[in-house]
Structures are given as structure tokens and as C-alpha cells.
Ligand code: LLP
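Presented below, as C-alpha cells, is a lone chain in the form predicted alone.
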Amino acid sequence: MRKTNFSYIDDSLCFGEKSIRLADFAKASGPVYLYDLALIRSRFLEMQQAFPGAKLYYAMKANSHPDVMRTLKAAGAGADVVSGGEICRALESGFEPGDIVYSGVGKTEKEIREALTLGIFQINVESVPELERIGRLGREMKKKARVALRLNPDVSIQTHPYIATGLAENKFGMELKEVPRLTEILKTSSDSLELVGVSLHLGSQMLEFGGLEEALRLLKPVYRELAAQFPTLKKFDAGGGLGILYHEDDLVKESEALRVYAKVIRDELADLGAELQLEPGRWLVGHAGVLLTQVQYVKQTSHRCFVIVDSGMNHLIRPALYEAHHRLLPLQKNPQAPLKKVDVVGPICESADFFAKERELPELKEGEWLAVADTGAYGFSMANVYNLQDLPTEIPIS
């Protein structure tokens, strides 16, 4: 097993399973996202082997590039979608309606009608009003919706508060005290609703699993209670959220974390007799992406040194939004260059437009290129055209 995703060969930065020379893609046309499809395939296979018999539905919000989608479809993934637009992209990428799990808190009537018309495999319900809406629309359309209840166990995990989703204060899922009301709706709308699953998702970038273990234990008796009333209930959707390492390049350590994560889920659910579903995203594609950006200016002030590049929060918003860490690697290694503490910032008219603050890097000069590591998840998929800046080019590499 490869330990790292980056290496310098003849002082030139190389990336991915095939040691792609990144300088070959550093062009004057602007910032570039590169995606290593081979790494995505191998990560999917590794997770599949960790969960034998489970169905993995790729959380396409992480990266919806068509080639990424087709790669995962060919490997055996389903698609976890959160909007009508994502349903459309999944279908265009070769997924069938039966491959799709539809999540998300704000499904509109139009989107639900589309999902019912298409025959989407499963709709993960996030609120009592949503379940009522789906039941009503199903009755009007003479369709029966296959639904899973996303239950919120009010359990905390160690992650940024903006990507925690399993607490009572979060907008996601339904409190356990609402189960009696949900049961009532399911029974009175049995002509248009079919309960097939219970769903759990605690949040993103999870690297410690005590909270997950607690949540699974809380939901098991609820699952059994519902299964006793609804024989169609067969599936437990354990969600996604497995994190990756952003501060270091250690794929072996991540494989060990995957094994612990899988053991927690398998051990806790072993006696439930349910079919297991998961919705991985970041773990599959995060390391498979890299953003290349060029230094435009080096600006020294009385307080700081700013390295101004041609990409920023408009292309990768995670540092501005979560103060997220991404490693920054020069495309050309210069062992003689002195280290210097700098802020790496973009062209956007916001003080939050930065990739790193007070980061120690080899001294950089105008025209040199940097690789922003681990940007395959929540990079381009969250990009925007603020300041009417161009979007970066995307290049998938087989």
C-alpha cells in the first residue's frame, strides 16, 4: 500500500497513484483542479472491502464532476443526492433511479414530484412536514414513495460546528421524540408511503468514533420498534462522515482509521439483521484532487508578507468558511530557498480570502506555482463566480 499521495521526483512535485508531474498542468490559462480517477477507484474498493455486503451511495455533493461520477458508478457505487440538480447530474452520469438515495432538508414539491415520477430508490426524510408532503404528493400521483427516516440522536462528534449534523440544535434529521408522530403518518398514508429504512448522519470529517458508537446504540431499539410495526423496514443507513488527514500525507494511517470506523459500525449493528447502507464522500475523493495556482505578487508590509495567488475563496472556500487547513506545496522544490512565514491569499475583495495564514513555506517568487493539497472534496463543488472571477479548469486523469 502506498503511504503518501505526493512526492518530489527530480525536485518536481508528483501526485497520485501514477506519480503525475504537476508542472505539466501548470499553464498560463489560470488555476486548475486535477482529479486522480485511479485513486478514487482504489479508495472505493478499499471501503467496499471494509464493509462486505453493504451498499455505498457516493455523496456527490463532495465532487459532482461527470468523470468522477462515472468512475464511481463503474466501481459499483450508488449516488446520494440532495437536490433535483444532483438527480439530473447522477442520471446524466449513468446512474439509474434505482441507484439513487435522495437526502436533504429542503426538498421542494417540484423535486419530490420528480423523484416520485422517476421512481427514486429511497427518499431520506428529514422532518415531519416533509413526510406529510411526500405522503400527500404520492397519493395525488398514485405513487408509493420508499422512505427512510433520518433520526437525530442528539450526539456530538469532534468536528467543526458548521459540519456537525447530529445535534438537537442542527437542522438535520428528526428528534427521537417525534417517532410516534412519524409512525402515525406512515400508518395513515400506507397507500403512498413505504418505510424501508432508518438513517443516521452525525456530520462530516469524523476521525474519532465514540459519538458514532453512542448514536448507533441509541437508534437500535428505535429501529427494532419500527421494524415490529413495519415489515418493509429492512435497511439501516449509517450515513457518511469519515474524515481524512489534512495536516499530513499518510494514507496508511487513514486505512487504519477506516478499519476502526468499519468495526464500530459492523459490531454495533451485527445483531440488528438490517441491510447496511453508507453515504461516503470526502474519504473517497478528498485526496484525489489538487488545485494548482500561480503566484502573482509577493507583497511585504510592515506587519506581514503576503503571497498573492490567482485562486482564492472563490475556488476553495473551506479555509474561509471553516478555517480549514490545506497543505501548500511548491511545484518545484528548491532546497536552497530559505523558509519564510507568509499569508497565502487570493484576489477576492474579502479579508477572509486566504489559503493559509502565517504558514512557513520556502521563499516564493512571482510566477511560481503552488499545489493546494487534498481539494478533491468540497472544492470545485462549492466554487463561485464572486467578483466575476472565472471558475478554474477541471482535468480528470485516468
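What you are looking at is a predicted structure, and each value in this text was computed from that prediction instead of being measured. Residue indices: 1-based, along the sequence shown.
The protein also exists as the form predicted together with this ligand; that form is not presented, and the subsequent description refers to it.
- Proximity to this ligand in the predicted complex, defined as a heavy atom within 4.5 Å, singles out one entry of 55, 61, 359, 70, which is 61.
- Of the listed positions (290, 151, 112, 242), a single one reaches within 4.5 angstroms of this ligand by any non-hydrogen atom in the predicted complex, namely 242.
- Under a 4.5 angstroms non-hydrogen atom cutoff, this ligand in the predicted complex lacks residue 15 among its neighbouring residues.
- Taking the partner from the other structure, this ligand in the predicted complex has a heavy atom within 4.5 Å of a heavy atom of residue 318.
- The shortest heavy atom separation between residue 312 and this ligand in the predicted complex exceeds 4.5 Å.
- Shown alone here, residue 282 lies within 4.5 Å of this ligand in the predicted complex, counting heavy atoms only.
- Figure note: of the listed segments 130 to 138, 70 to 78, 268 to 276, 203 to 211, the one touching this ligand in the predicted complex, with heavy atoms no more than 4.5 Å away, is 203 to 211.
- Residues of 339 to 367 that come within 4.5 Å of this ligand in the predicted complex, judged by any heavy atom, do not exist; none qualify.
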